[in-house]
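Shown next as structure tokens: one chain only, the form predicted alone.
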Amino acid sequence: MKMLRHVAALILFALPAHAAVDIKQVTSPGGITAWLVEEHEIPFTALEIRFQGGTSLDAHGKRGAVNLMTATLEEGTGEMDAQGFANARDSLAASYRFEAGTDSVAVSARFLSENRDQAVDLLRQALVAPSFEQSAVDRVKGQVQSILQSDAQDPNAIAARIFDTETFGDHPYATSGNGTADSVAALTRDDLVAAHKAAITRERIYVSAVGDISEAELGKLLDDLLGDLPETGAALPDAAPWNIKGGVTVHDFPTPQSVVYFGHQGIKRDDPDFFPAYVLSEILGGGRFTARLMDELRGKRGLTYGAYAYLAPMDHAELLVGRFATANATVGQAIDVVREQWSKLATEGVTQAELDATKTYLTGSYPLRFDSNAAIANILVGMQMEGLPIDYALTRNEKVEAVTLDDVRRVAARVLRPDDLHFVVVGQPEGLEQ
């Protein structure tokens, strides 16, 4: 499964128990809204921008266009070619990152206060008027094709792709946002211009800033940076269908160890039961050695190095998915263990000791993640995209602590559906019935 689709789920729970930050909502004179945390001790600002839609906005027959467009934004603008842009960026000691995800295009910027105006203007040029010069487009195409070739030999990428294809039918979620070798090869400069108009707009924009910048300064920055973007772009896709049913799909791949990707439908982020479901997913498939799948598959049986399961609420679908890798001879046994644990939790729930330990872990691990301006800015923009209130940082741990044993048992019976589990196996499993 594409890792980016899970980033939002992780961001939602990344704030510490009582984040000592003053989050302000700022609206620019031109009407652009952002969340701000002022921190003036260091003359530096982290800026995060999200354009909702991402690779899901690819036009029909143009798969990979938004990804290629995003990767080419810093390859030149105006009279500057790619090298000129890089030199200008480096001379300002600024950094920019452009990344296309399944549901958003992410733009990250870091700059010193003394170079703020110049750094913002350079970023504005890249966002508003990228040149998409043909030689740069061809070079980035080659980079994307290399990624596609690598993914074609990666059993993890293959398993995720098969699961997505069988699940989502003709929805954009069914295929990689990177495109295919053929679709990327066919993309033209005009396709990138069209993708830019579709995805880089003010219509569904989210912004956060953390650092040495005031409310008034941020308001001006927002209009200077984003005010010239078009107001609207392409329409978001409809809700994704769910076509996959319980069972097993085997994809033959020459390797001594099979990769197993599995899951079924999950739960929406705004569902009233989401917090109990999140706690449940940590008990079931978290990375700690005491999580059920890790303990049963690795600790007790030595079948795998690690086994994981997690909720993945997306904009147009929601999943509960997991993965592990095991020797070809033990794939069937490992799958049986996963099914057994799914059924056991659905019918018996969890223990009080498991719940208490998990809540302690979830509430106590936050400060380790909340450790920089960049991390805070990333968290805040994720909160906005998920529709969370601005005071979420102060109330989040209370919601975790409020989850009871009865809550988790009730939600386990609702959310965990062992008969709906589908396993995609990439390898050469022995004696596995499909």
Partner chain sequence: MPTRLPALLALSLTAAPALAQDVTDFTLENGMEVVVIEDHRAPVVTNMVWYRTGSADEPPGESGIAHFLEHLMFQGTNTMEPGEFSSTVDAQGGSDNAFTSYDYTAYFQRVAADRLDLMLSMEADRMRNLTLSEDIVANERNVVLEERSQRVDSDPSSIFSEQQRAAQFLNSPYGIPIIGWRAEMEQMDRDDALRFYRTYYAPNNAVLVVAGDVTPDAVLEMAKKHFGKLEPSDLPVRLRPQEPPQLSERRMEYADPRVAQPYVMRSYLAPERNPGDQQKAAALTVLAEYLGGSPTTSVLARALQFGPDAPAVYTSAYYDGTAVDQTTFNLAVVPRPGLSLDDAEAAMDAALDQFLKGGIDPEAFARIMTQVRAGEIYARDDSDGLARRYGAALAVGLTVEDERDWPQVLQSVTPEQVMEAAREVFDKRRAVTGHLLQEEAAE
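The model shown is predicted, which means the values in this text are computed figures rather than measured ones. Residue numbers count along the first chain shown, from 1.
The same protein also has a form predicted together with the partner chain, omitted here; what follows describes it.
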{"query": "Candidate site Leu112, Thr255 and Phe370: all three near the partner chain in the model of the complex by heavy atom within 4.5 Å", "finding": "yes"}
{"query": "The partner chain: the contacting residue among Asp406, Asp391, Glu398, Glu41 in the model of the complex [heavy atom, 4.5 Å]", "finding": "Glu41"}
{"query": "Selected contact from Val37, Met385, Ile32, Ala374, since only one has a non-hydrogen atom within 4.5 angstroms of the partner chain in the model of the complex", "finding": "Ala374"}
{"query": "Proximity to the partner chain in the model of the complex (heavy atom, within 4.5 Å), stretch among 232-240, 217-225, 164-172, 287-295", "finding": "287-295"}
{"query": "Partner contact for Thr27 in the model of the complex: the partner chain, 4.5 angstroms, heavy atom", "finding": "no"}
{"query": "Contact label in the model of the complex: Leu303 to the partner chain, heavy atom within 4.5 Å", "finding": "yes"}
{"query": "Contact label in the model of the complex: Pro272 to the partner chain, heavy atom within 4.5 Å", "finding": "no"}
{"query": "Proximity of Val193 to the partner chain in the model of the complex, heavy atoms at 4.5 Å", "finding": "no"}
{"query": "Heavy atom contacts to the partner chain in the model of the complex at 4.5 Å, residues of 142-156 in sequence order", "finding": "Gly142, Gln143, Ser146, Ile147, Gln149, Ser150, Gln153"}
